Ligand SMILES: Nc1ncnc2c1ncn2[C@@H]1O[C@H](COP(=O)(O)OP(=O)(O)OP(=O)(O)O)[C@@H](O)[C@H]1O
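A single chain comes next, written as structure tokens; it is the form predicted on its own.
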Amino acid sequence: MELSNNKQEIVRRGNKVVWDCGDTVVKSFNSSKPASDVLNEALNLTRVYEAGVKAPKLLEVSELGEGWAMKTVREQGTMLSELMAQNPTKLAEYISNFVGLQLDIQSHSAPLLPRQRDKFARMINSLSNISATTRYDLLMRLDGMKVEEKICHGDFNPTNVLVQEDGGCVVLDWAHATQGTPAADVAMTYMLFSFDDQKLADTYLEMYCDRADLAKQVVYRWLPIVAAAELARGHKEHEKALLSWIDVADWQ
């Protein structure tokens, strides 16, 4: 793969750089990102796209420099996170549309996506900074959860939603996608909102549970599990908060 001479950097974070190459977008990774992870993200993206979810169309996966890269069709629009920051008086409308989009994604199935339950179990077992007893409790909680097979984004937040001029939305970044229980995905989104704005997190959860006819308690029961999964991703900036959520015996 080669980058366009007129490429423009969109974002640089961790081991990746996202480039605007005109009609395409290239997400490039350095050598610390295993090729298998890049190929898995490309496969996830293709599977949700083929399932009918509005996501960028994959064009190419290949080596670029010392790492690997993914090329997709460039979708035009503005990130939902930017719109929320620019128009605070319209937050309720944006969150309502955000919830509707999440419900639409979760109405689809993709049987070949990784299983959410298996992925969470692997992530919990990888944690060395919590006790074996805590890991056991988390795994027992996970084992008792309802099994479903709906598409779950795994990192659904406003920075991954592109709003187009006609009001339609394209959902980006499917690296953590699984087939599983929507309530777990809701718990992850609620937690991500809470890192920056607890009031907004509560508004989101209230709106989602009302529209999905879902008890908040179901989402709360997933919080220690998704906190453990987020901790396993190595997000040091929220480590203290995540550990406190994991240690909660029960969310009521």
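All residue numbers are counted from 1 along the displayed sequence. Note that the structure is a prediction, hence the values are computed from the model and not measured.
Another form, the form predicted together with the named molecule, is not on view; read the next lines as being about it.
Undergrad: Which is the contacting stretch out of 70-78, 87-95, 133-141, 112-120, given heavy atoms within 4.5 Å of the named molecule in the model of the complex?
TA: Of the options given, it is 70-78.
Undergrad: Checking a candidate spot here: are Lys16, Leu162 and Leu172 all in contact with the named molecule in the model of the complex (at least one heavy atom each within 4.5 Å)?
TA: Yes, all three are in contact.
Undergrad: Although the named molecule is absent from this view, report whether Ala232 comes within 4.5 Å of it in the model of the complex, heavy atoms only.
TA: It does not: once the named molecule is placed as it appears in the model of the complex, Ala232 has no heavy atom within 4.5 Å of it.
Undergrad: Would you check, heavy atoms only and a 4.5 Å threshold, whether Val11 touches the named molecule in the model of the complex?
TA: Close contact exists here: in the model of the complex, Val11 approaches the named molecule to within 4.5 Å, heavy atoms only.
Undergrad: Using a 4.5 Å cut-off on heavy atoms, what residues in 55-71 are near the named molecule in the model of the complex?
TA: The stretch 55-71, when checked against the named molecule in the model of the complex, contributes only Pro56 at the 4.5 Å heavy-atom cut-off.
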